[in-house]
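Shown below, as structure tokens, is a lone chain in the form predicted on its own; questions about how it binds or moves come after it.
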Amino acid sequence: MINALRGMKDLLLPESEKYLYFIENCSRIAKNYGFEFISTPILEESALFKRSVGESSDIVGKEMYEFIDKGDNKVCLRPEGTAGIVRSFIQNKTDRTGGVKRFFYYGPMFRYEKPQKGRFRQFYQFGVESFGVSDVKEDAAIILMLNEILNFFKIKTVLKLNSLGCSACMPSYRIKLVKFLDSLDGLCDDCMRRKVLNPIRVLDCKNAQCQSLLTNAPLLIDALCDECKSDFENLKSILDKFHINYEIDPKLVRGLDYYSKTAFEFVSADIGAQSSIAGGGRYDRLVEILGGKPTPAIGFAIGVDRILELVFLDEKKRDGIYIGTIEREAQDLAFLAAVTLRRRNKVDIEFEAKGLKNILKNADKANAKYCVCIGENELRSGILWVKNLDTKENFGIKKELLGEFTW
């Protein structure tokens, strides 16, 4: 028997129903904020992620599903969504048209990491990206949207907030941080690599020993330039106005190299240890880094697999029509009835002839609102037997009137 690859799983009921419910409502909320759907390829050139996500990230350093294709191209399965959307934004010359563009997306991502509860090698994300607005009100709107999504699903979270500065304040802070890191002994191998490639990423290390060594590390939030300070204060003021509770986390740097200024995460204690289930930030230089016209941008992504553990569906109301046959000769009429009814209704049909008791049992199992049963009497009279499974009422409908009845 051939099984799914390690760290990858089938999406089956009830998770598949939760997934659709989650995506439909996230999409609805995103559209209310003026975002439109975009879909980008699962497979991209590896260089896209190395230039955007950054060599210092664990994604590029350890986790990419990377290979050489038959055209001798170095490609990989996408490990995150933002880089592909920025690539599309540039390739389709959207960066040249000016104005504001807002997109939402969802789908599978891939990272070769150790599978564990809530973390898989193929996983799903829902995310949004906004291009063309540098005003911090857009940062606030993005956070408010994500907060609205989490509130819709009644998920309890804490918002962590930080500013990562910009090209004006980062260089002097980087020098100060590197000097501090050079004075330490005992940093893990990953931190030694990050110290060279992108030292601020050291602050994000999950190694307990490294965190103990970083207790007195200089913090970027204390070295912000006037513009970054002003933006951060304005952001906090807007969140306060809308009663969005948050905690300042000066060591929050996110896991990707392209972030600047606003960085945020929503964490929840309801999935075990307090852990991030959604987050994002501003990346004003990424479009330019990938060869496009300088364009301010901000976005977020939600880890769908982890959040589905916290999503609960309301009890489903009965819906649709179940058609069953008692006589084999009735199957043609049952099929014709299903085709007619499917123009306006959800219809399940059972082609194997069964007794009425079994047909009603299967209709109940399918959570149908109506059960239509066709046997010898129905074939002879042309009047089909119907039962409303909510009210338990039985009645007949002429086969010619099936499409006109309000089910």
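Residues carry their position along the shown sequence, with the first being 1. Worth saying up front: this structure is predicted, and the values here are computed from it rather than measured.
Below, we refer to the form predicted together with histidyl-adenosine monophosphate, which is not included among the displayed structures.
- Just one listed stretch, out of 297-305, 146-154, 160-168, 236-244, contacts histidyl-adenosine monophosphate in the predicted bound form at the 4.5 Å heavy atom level, and that stretch is 297-305.
- Using a 4.5 angstroms threshold between heavy atoms, L213 stays clear of histidyl-adenosine monophosphate in the predicted bound form.
- At the 4.5 Å threshold, heavy atoms of I277 reach histidyl-adenosine monophosphate in the predicted bound form.
- The closest heavy atom approach of R111 to histidyl-adenosine monophosphate in the predicted bound form falls within 4.5 Å.
- Taking non-hydrogen atoms only, R193 never approaches histidyl-adenosine monophosphate to within 4.5 angstroms in the predicted bound form.
- Between histidyl-adenosine monophosphate and the residues F104, Y258, Y322, F89, the one pair within 4.5 Å by heavy atoms in the predicted bound form involves Y258.
- When histidyl-adenosine monophosphate is considered in the predicted bound form, only one residue from K176, R285, K251, R254 comes within 4.5 Å through any heavy atom, namely R254.
- By the 4.5 Å heavy atom rule, the three marked residues F35, T40 and E44 all fail to count as contacting histidyl-adenosine monophosphate in the predicted bound form.
- Contacts with histidyl-adenosine monophosphate in the predicted bound form, taken as any heavy atom within 4.5 Å, map to no residue of 362-401.
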